[in-house]
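Just one chain is shown here, as structure tokens, and it is the form predicted alone.
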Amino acid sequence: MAVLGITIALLVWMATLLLISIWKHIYSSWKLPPGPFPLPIIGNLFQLDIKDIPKSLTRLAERFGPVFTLYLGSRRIVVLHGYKAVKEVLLDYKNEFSGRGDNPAFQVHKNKGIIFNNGPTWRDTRRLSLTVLRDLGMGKRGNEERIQREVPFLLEALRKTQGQPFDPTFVIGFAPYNVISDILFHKHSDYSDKTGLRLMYLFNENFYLLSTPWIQLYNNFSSCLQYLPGSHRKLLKNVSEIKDYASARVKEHQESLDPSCPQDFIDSLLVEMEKGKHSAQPVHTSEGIAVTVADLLFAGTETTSTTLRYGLLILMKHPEVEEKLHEEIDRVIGPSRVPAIKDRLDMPYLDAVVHEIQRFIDLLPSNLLHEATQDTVFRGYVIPKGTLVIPTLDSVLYDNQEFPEPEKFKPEHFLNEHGKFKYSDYFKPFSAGKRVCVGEGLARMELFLFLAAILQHFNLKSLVDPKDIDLSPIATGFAKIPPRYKFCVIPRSQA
């Protein structure tokens, strides 16, 4: 009888829990966008393929429309799918949805820095960072010169492979790493530098881990999963190690700072910190500066490195595209001059290829999480303050009206009938609005100049037949991670 009583009590408890959940859902969501009905505790987890959440969101959009609601655990999420909805929420409602959704994997960055800051300092931190980066040449001639100075080091590292197979991950990665390092702390490293290689290993591993199914679960159910073993422990440790490195650089700069003559990004932020240190609530602290530096170092290295690495694999899959690029580079730049941004006007095909690489790889398919900063009426729905918002970038980059056959790599997506470069407002790999990537100008410049320089001097040689190259990402989550591969670069003068 005791067992029967316990069983009945459990059933009553479960039924009560279900009824409460149903009531709370109906009460709280009657003005929300439509969406699948969530289960207690887990929400809509069973409606998602945890190995490819972006594809799951596309399927749900086909069912519920361009604006829909889902739940992951207790986290309420409104998803925007398609160009009109995404543009509307990022630009027309840029203030109302400018918050940053919590990312438990970056808990040590919480409410500090630029990328994951949702605290009271994020606007001032972002504004000052953008001002300093512009003063240091972001998007201007200063950064072009930095990239051009790095080109010979990249080419020399590629020559040292002597035409033998190699993994491009860290060879290619060192170029953007050195560029952002020069901006942040006026430092240039040899391509065999152990510290630089360690940092790039951490960046690369984190980018992959963030895109695995386990971390997708962890970021939405961290209160339960944080106590379990798993790759989240490795990720958290890596994030802390990168932050510790940035903190050490900030401390060094504090000891050598000359306020009258700041040398780099860290110096400039330290000067501002000194100006405001006597205020009741200082906006800039040494820890906040360290997190900002860690944010920029990670984003400024890994996203550009991954895009270049993915781009080279795509070109080996499409040798006819590489051949056209060689022809254009030879005609416009020649065999020896360092590529310049002004060349872009005379190189529409390379410009189109760079854009198509970014569109095709769809690096951050679901964008970074936004958050509603206030109760907002959007398209007749009421989206409460604190609701997480996903403005999906893949739904814009893969729009089949703007980009016919979007699943195919076609530089013609960005060329008009006369072979001239064609701009598309659907090109939003860096997002848009208040939270647009602060390094967009630098990244676009690096991709054009580094790719031009590599193809100016080398032919790409795949180890397998082009038709056998698989471009499918090995993980899709926070990012789309390209497959690991080896290839050869053959000096063109000896090809």
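Residue indices: 1-based, along the sequence shown. Predicted model, so just to flag it, every value in this text is computed and none were measured.
Heads up, the form predicted in complex with a small molecule isn't pictured, but that's what we're talking about next.
Contact annotation: of the candidates P339, G300, G173, G288, the single residue with a non-hydrogen atom within 4.5 angstroms of the small molecule in the predicted complex is G300. Residue-level contacts in the predicted complex: of A61, C437, M445, A453, one residue has a heavy atom within 4.5 Å of the small molecule, and it is C437. Residue contact with the small molecule in the predicted complex: L363 places a heavy atom within 4.5 Å of it. The small molecule is not drawn, but in the predicted complex it has no heavy atom within 4.5 Å of I383. The small molecule is not shown here, and in the predicted complex it never comes within 4.5 Å of any heavy atom of Q47.
In the predicted complex, no heavy atom of V78 sits within 4.5 Å of the small molecule.
Across the options 316-324, 111-119, 188-196, 411-419, residues that bring heavy atoms within 4.5 Å of the small molecule in the predicted complex belong to 111-119.
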